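Look below for two forms of one protein chain, each set out as structure tokens: first structure 1, then structure 2.
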Structure 1
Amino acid sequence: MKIVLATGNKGKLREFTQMCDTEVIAFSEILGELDIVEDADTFKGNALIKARTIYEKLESEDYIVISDDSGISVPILGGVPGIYSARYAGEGASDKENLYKLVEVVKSKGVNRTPAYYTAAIAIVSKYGEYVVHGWMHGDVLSTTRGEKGFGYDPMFVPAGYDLTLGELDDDIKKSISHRAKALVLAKPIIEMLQR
């Protein structure tokens, strides 16, 4: 069975391809570009919406569709941006615009550093049913950015136990500690079971 990733985010596709032991195809290679309305109020709900939508549109039982919904939550801001991380600065906002808006909002609270965490929910949909797993990465966000690596909010996030931001850390370290990596560790046995 072929694995299709239900995302148009190139950063996520790159991370999934690096972490999986098998070929992962972006849905757009098969279906072209699609707009999927993510209107659930949880990461799990949005991940399932994406995976179900792509699975139904593929119209074949030969696929396993994986989707992830992830974001960063800052408790001092009441959990914001949370499920709105990809559009925090507005619909169609770039990663940089979202990043700099969060930097400004954190600065407005008068702090240089405050606890935060990333959440990743990975949904897996196939003819055998639906599964969802979660992974988390805890640390702090800064009121400045450091580093050019990664994507999204990585240049302002310092993982617990580290002094560097995700924008400064090597990809190998990020892959081993990230919320997505932790969720993928849980997803892999499910994917392998479905491929048998």
Structure 2
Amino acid sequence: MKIVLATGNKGKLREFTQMCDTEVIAFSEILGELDIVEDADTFKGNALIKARTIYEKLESEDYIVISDDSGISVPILGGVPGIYSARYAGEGASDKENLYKLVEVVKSKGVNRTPAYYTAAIAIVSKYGEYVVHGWMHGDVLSTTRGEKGFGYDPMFVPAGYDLTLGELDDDIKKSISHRAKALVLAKPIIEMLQR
């Protein structure tokens, strides 16, 4: 069975290809661009919407479709931005605009740092049904940014057990502790089982 990834993101494609030891195709190579409305209220729900929509459009039992949805949650803010992480500063906002909005909101709470966590949900849809796995990375967010590495909210996030932000830490460290890496570890045996 062929693996189709429900993302156009090159970084995600590379991560999945390395993990699966087999060819991974971006859905857009087969279906072109699609506008999928992700209107569920959980990471799991949104990951499933993406994977299901693409599986149905492919109209073939030959495919395993994999999608992911991720974001950062700050308990002191009631879990915000959570599933809205990609558009926290508004529809079409850039990563930097979202980052600086969260910095300002944390600052407005009068704290220098506060607990936070990233979540990644990976959905797998095939003729054998649907699976969802999750991974989390816990730590603190700061009321400032440090470093330029990573992406999104990384310059304000200090993972548990570290003193530096993900903007300062090497990419290899992030790869070994990230929410996405942890979810991928759980997804791998499921994908291998479906391919047998």
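Everything numeric in this text was worked out from a predicted model, so none of it was measured. Rigid core: the largest C-alpha set superposing within 1.5 Å between the two forms. Please note that residue numbering is based on structure 1, beginning with 1 at the start of its sequence.
Query raised in the report: Which number goes with the form predicted on its own?
Result: Of the two forms shown, it is structure 1 that corresponds to the form predicted on its own, while structure 2 does not.
Requested in this report: With both forms fitted on the core, give yes or no for whether the Cα of K12 moves by 2 angstroms or more between structures 1 and 2.
Outcome: K12: C-alpha displaced by 2 Å or more between structures 1 and 2.
Requested in this report: Once the core is aligned, please say if the CA of S28 is shifted by at least 2 angstroms between structures 1 and 2.
Outcome: The answer is yes; the displacement is at least 2 Å.
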